[in-house]
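What follows is one chain in structure tokens, specifically the form predicted on its own.
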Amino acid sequence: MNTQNNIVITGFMGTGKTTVGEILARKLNRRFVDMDVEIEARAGFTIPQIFRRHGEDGFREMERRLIRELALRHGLVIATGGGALVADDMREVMGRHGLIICLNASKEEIRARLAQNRDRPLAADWESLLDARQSAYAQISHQIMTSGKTPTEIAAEIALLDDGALYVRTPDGGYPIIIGSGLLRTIGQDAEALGLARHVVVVTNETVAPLYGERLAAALPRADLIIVPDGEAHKTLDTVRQIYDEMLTRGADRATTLIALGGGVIGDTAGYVAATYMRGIPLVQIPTTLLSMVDSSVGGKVGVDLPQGKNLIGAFKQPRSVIIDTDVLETLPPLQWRCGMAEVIKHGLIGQPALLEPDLWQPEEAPRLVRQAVQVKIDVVEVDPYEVGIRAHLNLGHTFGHAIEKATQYGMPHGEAVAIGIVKAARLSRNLGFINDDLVARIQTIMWHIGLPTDIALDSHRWYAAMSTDKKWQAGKPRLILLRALGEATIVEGLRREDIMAVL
């Protein structure tokens, strides 16, 4: 007996549901059901004829009966009509044993596609119909924007979701996060499915290039490799300009995909290039450090530093996908593992206390550790994609930490600075009466256990001055992320200078 869940592809007319569904069914060796075709076969009439004979209400009743029938079956790939899952109860029925995917396209693309096929009963006033259905489509968890993707690439993206890839919803659709072992070894074989068969530019640094960059570029059909200096000191507009120049030399255009291969500095810098080169090109994040895997590669924040502060120039650029090969952690220096663990602990403190259990902190547990930590990031950025509210919770300890980096001219690694910042934020939270001494002591002990620092000999006035340039401060007033309780962060504004100075 086939117990696989159905894969249900829905969305507005003209988004490619049938074409993608057929490709996906062949790829997964499953039976494909086009609901409109099935209804026509059972009724003995075409859809336009059904509408003329029975009206839209009659057609919808046929659709509802078929939905209830298909929902009881397993292992199918189903393409629905555009209005089939608009009703809440029909989405609920189909979702009981099915993964529902909503395909999206811009109005311009839909208009062009419908112009090629005018034999649709509801196509005459399609724009009003789309507007009316948008709220129902938005209720579906998995959204895929089809713009700039071939049907084969869209089918591959859906197959990844069916295979357990994580997924991030964004205002414009969403993207998969693929986590596994050996992904870089097989990426050349999967290039078409991953959207990497056309021109690709791999941006990496001098450390990662000989380890993975050269092999990755060689494995892809049409890839150029751009190597920049390693380190936070090179996360600047000068490096961005260097990448622009090299991309122009290599003929990169708006159809080129940029791969950011490296840690957080590469992800932020190359991501900013992708957001701005020719007004934006596709971006794929391939993080190679624990810190970038669990934090900076997910969520779409990209940017570079100015002498006055960290990440003061930036943009929101959602990746097309994030590919996390946990095997690359085998070449990660112990210091970089510890730095990544600072972000893992932060995620545990603000949303998933299970991450604070030492049994999970071992390199052999990396796939499970990364998956759980990434899920915390997903849960936050889906609710607040542009950091106007709770997404700021992800900055626990970062205002303190960024100031340390600036004051030491980036002589201290980001993860170590964040670890100190988390402890400072915990102490301030205690001083304000939010948490008790026991939790502060536990956080400090965790940092010691991992091998992270919990304090630094830094002049407190200099430290405070560096904090005051942080972009999270508003109108010159302090704005910090603190702990209200274990698993619960909070934004606190207007703190007195003396309260902050007391923990520096």
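Each residue number is its position in the shown sequence, starting from 1. No experiment lies behind these values; they were computed from the predicted model shown.
The discussion below concerns the form predicted together with a small molecule, not included here.
Partner contact region in the predicted complex: 209 to 217, out of 148 to 156, 420 to 428, 209 to 217, 124 to 132, criterion any non-hydrogen atom within 4.5 Å of the small molecule. Although the partner is absent here, residue 230 lies within 4.5 Å of the small molecule in the predicted complex, judged by heavy atoms. For residue 264, a non-hydrogen atom is located within 4.5 Å of the small molecule in the predicted complex, even though that partner is not displayed. Put simply, residue 332 is close to the small molecule in the predicted complex: some heavy atom of it is within 4.5 Å. In the predicted complex, residue 416 stays away from the small molecule, with no heavy atom inside 4.5 Å. Scanning 336, 276, 170, 236 against the small molecule in the predicted complex with a 4.5 Å heavy atom cut-off leaves one residue, 336. With the partner omitted from this view, the residue of 143, 205, 256, 318 that lies near the small molecule in the predicted complex is 205 [heavy atom within 4.5 Å].
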